[in-house]
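Starting off, we have a lone chain in the form predicted alone, written out as structure tokens.
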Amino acid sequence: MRGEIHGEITLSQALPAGRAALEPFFPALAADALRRVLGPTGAGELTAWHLEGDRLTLTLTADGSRAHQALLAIARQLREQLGKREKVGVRAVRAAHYRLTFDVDAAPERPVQLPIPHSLSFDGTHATLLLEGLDEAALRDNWSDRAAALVEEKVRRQRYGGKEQYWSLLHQGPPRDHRFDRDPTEVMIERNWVRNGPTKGRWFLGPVVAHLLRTMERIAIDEVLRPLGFEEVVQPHHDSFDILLRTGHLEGLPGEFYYVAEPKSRDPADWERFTDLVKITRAVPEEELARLVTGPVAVNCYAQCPTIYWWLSGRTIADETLPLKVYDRTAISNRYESGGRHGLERVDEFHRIEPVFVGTPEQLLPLREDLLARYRHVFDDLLELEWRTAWVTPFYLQQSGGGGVEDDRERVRGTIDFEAYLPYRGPREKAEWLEFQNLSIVGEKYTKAFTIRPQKGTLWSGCSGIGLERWLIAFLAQKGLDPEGWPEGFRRLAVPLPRDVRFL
């Protein structure tokens, strides 16, 4: 990558001697700033500069994406020198034009757009990105680096045709005989065990299904988490935007969150018109409501791990505490599924246990094997499921160095998905299996993002999402709804069932 920046430094006032006041020291000052920013091996230079009134314009070139940092360094040193020599300060710094040239993985198949002023062209795999009007805050916050990275990401997404992840089968258990081939949600509706909720993507679970869901929860805790030393925490249900910016969730899938707004006031007088309209119209006056609440201030996230990482942020974990093993089961998960909802297995609101573990790589890799063994015990011995596991790596980690070919080959960082066969979807060889569980080691991704430190060495983290509705659907789809057909290990924990609620 190479950068060329046309910068503007606005002084607090014009220099009485004009350019002559700068000529004795400014070229050397700029060369020193470039050297400090680029290091002894970096290449960069001041190619032109001009002073008119209170505005200094200059052109810099630099290898890599450091030209904007050099511009800021020049402004900083200039502020110091002019303060001493002329009692003049620096009022503002901006990049009128910033040209970055770099190579991408492949020639793009269609235009690539960015949401900030720019122009972008390609010569095969060689990209030229011209950014315009970046102020000092944008320069300091490295907008240019992120814009170039976004171009590379968008080209990669085009190349992989929207394929989000790599999938490789790890283990598949033997086929089992299944005497049940109906959609369990439909049967539960017929029996009045569940009912579609008052808002979309949500279900009311009657006593029987609530009991079965809690049975799955007890199994997950008693047979998987507690034997491995996991301790429960209780966390808030709302995640701040700052947390999700650090984890990357907010830039990854923002269209899958439920956003949280707050009332602007609790004063009944402020709400009088709203309540009067409700009383008269018996409807929600949406325009009036929009006036009375804030914009989104947080989200109800579908995963619990972001807030657990926030809890640990900025702290040093004692060696004696590692590996840290905690889980949350209280936060209700919400994920907007749009038109993709189906039964209890694909909903907007669901119940989830998320264990999170933090430790050295030498601690976490054996812990992953221990978790796999405990899950295998549950799915084989207690639930007697037909299931499989697959190694999953998002395409952007495969191709951008976040978990590359070496990791894929050695199964170090990445995700293991657990999938269950649902007989009602058709033959197992052709049917879409249900992802009902995952297990991930993400390396330093979150420990670095949240500045979570060990006393010494390297600190990794991982997590495992346990979706209770999906455990239940995987089980009922294979074993049916009648306890007589259930494995003894599960029947012993779940029976007797609560009495059905009868409706006339």
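Don't overthink the numbering: it's just position in the shown sequence, from 1. Note that the structure is predicted; figures quoted are calculated from it, not measured.
Unshown form predicted in complex with ligand ATP; subsequent notes refer to it.
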property: Heavy atom within 4.5 Å of ligand ATP in the predicted complex - the one residue of 156, 94, 335, 325 that qualifies; result: 335
property: Contact assignment for ligand ATP in the predicted complex, among 191, 346, 118, 374, heavy atom within 4.5 Å; result: 346
property: Interface stretch in the predicted complex with ligand ATP - options 42 to 50, 433 to 441, 454 to 462, 475 to 483, non-hydrogen atom within 4.5 Å; result: 433 to 441
property: Touches ligand ATP in the predicted complex: residue 413 (any heavy atom, 4.5 Å); result: no
property: Contact label in the predicted complex: residue 350 to ligand ATP, heavy atom within 4.5 Å; result: yes
property: Ligand ATP contact in the predicted complex: residue 470, any heavy atom under 4.5 Å; result: yes
property: Residues in 240 to 273 with any heavy atom within 4.5 Å of ligand ATP in the predicted complex; result: none
